[in-house]
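Below you'll find only one chain, the form predicted on its own, shown as structure tokens.
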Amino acid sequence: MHIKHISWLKCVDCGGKISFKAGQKSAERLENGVLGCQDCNRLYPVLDGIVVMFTRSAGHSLSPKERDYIKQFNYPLSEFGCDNKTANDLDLKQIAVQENWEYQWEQICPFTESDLKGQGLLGSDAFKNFIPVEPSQINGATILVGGAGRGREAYHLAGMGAKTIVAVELGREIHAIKNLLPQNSQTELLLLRADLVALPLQADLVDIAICDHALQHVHDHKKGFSEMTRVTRDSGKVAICVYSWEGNFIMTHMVEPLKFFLHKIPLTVLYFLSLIPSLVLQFIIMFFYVPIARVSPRLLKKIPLHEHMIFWSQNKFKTTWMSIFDLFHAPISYHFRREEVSRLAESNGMSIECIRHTNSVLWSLIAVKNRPEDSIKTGTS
């Protein structure tokens, strides 16, 4: 991490300022070391340039590698907050989300730069469709990516010229991001293993906060959105893409109820079981939707889910398979109604710039953070 970014951080337990405590650092960078809160003395490890900053109460644990590393500094593990036993049921569900996605992105779909240059779910066109922020607004901006995963969004944002990307992710797959960006990239990275509902960041820090296909997997999505708003500067933007309730009958009324049974199946077995519906879906797409699209685009528009199915036709099959597995294994998976998406912005004093039913199964929202004087004028404060 860049030394200058330490001042961007705050303690997730008490809100205190963060400072360097131990480790090897140069004038510009800290790759491995320890940061600490100046007020409550809470400690946070930095491993391979990634800062781990979870609240004590959330129950997130350090990896064995992280534990082994911090032992050399002779601090009690308890000061790092990694031995907490007070996690509630929602916290445990969020930990299950973390573990499931670590498995997905590290074992099932460890995508590379070549995958991101293609079409379909992982490509830049899909990202711009999900998060329709003008590339000119990305260029030179400081961007927060909530639920950054393995780095799909960070890669495309760097390609659009983002000055700094603050990537926040629960899981260890975040370690792949810095290796995913091209060596000649001028984009600076601040990589944080942290929870979206307790961002370890100072307020009014970023120009744009983005959460693409992740907010629906946060146990308190209202708080997550509020945190993204808090760290966004006045007149900055928050952009999200989430599952919609509208147009998702199969998911909301069939798949979600089945998860009571699906979540009892080991992930490895569930992945291979998801091959069957993936093959069925691929057959329907390639031998029904695609031929109709070629013969009669007008007729295609009358068929349910045509936008989404044509979009999925651009995927490699392994990506479609991964996507079906993704839909089956998610321990937390919320589907938003339109009014709920609007309310996220309005309850945080934001103005809606764009709300769109993307591919008829997602909601894409761009909201602008009002300046205090604007809120007074419009009566939203």
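Residue numbers run from 1 along the displayed sequence. Being a predicted model, the structure only gives us computed values, none of them experimental.
Here the subject shifts to the form predicted in complex with a small molecule, a form of this protein not shown in this document.
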note = Of the candidate stretches 170-178, 292-300, 272-280, 136-144, the one with residues having heavy atoms within 4.5 Å of the small molecule in the predicted complex is 170-178
key: Sole residue of A214, A239, A162, V206 within 4.5 Å of the small molecule in the predicted complex, by heavy atom   = A214
ask   = Just one of D326, D48, D39, E346 has a heavy atom within 4.5 angstroms of the small molecule in the predicted complex, so which one?
value = D326
Heavy atom of V218 within 4.5 Å of the small molecule in the predicted complex = yes
query = Is L189 close enough to touch the small molecule in the predicted complex, meaning at least one heavy atom pair within 4.5 Å?
reply = no
request  = Considering only heavy atoms, tell me if Q94 and the small molecule come within 4.5 Å of each other in the predicted complex.
outcome  = yes
request  = Give a yes/no on whether P200 approaches the small molecule to within 4.5 Å in the predicted complex, heavy atoms considered.
outcome  = no
